[in-house]
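The chain below stands alone and is given in structure tokens; this is the form predicted alone.
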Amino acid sequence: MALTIEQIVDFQTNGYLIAEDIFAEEDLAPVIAELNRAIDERANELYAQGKITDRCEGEPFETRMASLMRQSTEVGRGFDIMYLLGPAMFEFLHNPKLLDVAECLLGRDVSCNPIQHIRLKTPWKGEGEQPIGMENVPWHQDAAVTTEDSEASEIITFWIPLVDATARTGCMQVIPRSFRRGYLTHQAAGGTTIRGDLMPGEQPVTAECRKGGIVMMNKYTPHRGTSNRSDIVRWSLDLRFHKTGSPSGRSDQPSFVVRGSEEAAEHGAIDYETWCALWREALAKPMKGHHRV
């Protein structure tokens, strides 16, 4: 069993769980290599266009993107799962170790949710907190970016660091046990954030997690990003899974079966080419509103 009974109870009690040492280096290496190739392509393209003068070819994965972004923020534009559509990433979404953990919390029939992202947080040397945006997020619940038809759906976030996520590199903070309050009204000002008068008063926990671990969260668990005060890019994957047959919260985007009975798999399992085609079709259409208030 991927998680112990104690860990499962801990998740059900607190609304989050940090499980270390789920993945070995060889589990994450193909995804990191694929991201490195995508960085190479972006750097070469921008260099050819004269938008950067140094491709930073000698720099490691942990620092190269930050060096490139200091020259042009274009290098990070659209750097996300649904735009890159890498085969290694698709394989990782089916990683047995990942799905063993998901099964412990969701049961046998598991679907990959279309809310999935690559998160990169560059070093912040300015005063105060790192600005709110895609690199840093305010206090929110993940349910705030799903449609209301998924209110009864059990959707769990699996946040997977590709470097050590510490207080220094800008890990998340979570508020334990407050998920029991259900959905809290959000506002759009300053990023999708919980309304100030509704913020839980419990003490936040700094959710540090080494590379190879997973931070799991209930969709109603309030959490936020913190500033990256290190010299490296804090890379992570933000994945979600839900019980097959329940609304995903993004009906206009592709979800698919990754584990379950033969009957479930026949009605929802897809291959890599189909995954790419479904995402391209979804992205070609006008974007529906997914944020709740």
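Numbering starts at 1 and runs along the sequence shown. All values derive from a computational prediction rather than experimental measurement.
What follows is about the form predicted in complex with a small molecule, which we do not show.
This chain is displayed alone, yet in the predicted bound form one of Thr244, Ser230, Ser236, Gln253 has a heavy atom within 4.5 Å of the small molecule; that residue is Ser236.
Site annotation in the predicted bound form: the residue of Ala207, Leu184, Val137, Val110 reaching within 4.5 Å of the small molecule with a heavy atom is Val137. Site residues Arg119, Asp142 and Arg240 are all in contact with the small molecule in the predicted bound form, judged by any heavy atom within 4.5 Å. The closest non-hydrogen atom of Ile155 lies beyond 4.5 Å of the small molecule in the predicted bound form. Contact check for Gly260: every heavy atom lies farther than 4.5 Å from the small molecule in the predicted bound form. When contacts are judged by a 4.5 Å heavy atom cut-off, Ile214 does not count as touching the small molecule in the predicted bound form. Contact check for Leu98: every heavy atom lies farther than 4.5 Å from the small molecule in the predicted bound form. Between 146 to 154, 124 to 132, 81 to 89, 217 to 225, the stretch whose residues reach within 4.5 angstroms of the small molecule in the predicted bound form through a non-hydrogen atom is 217 to 225.
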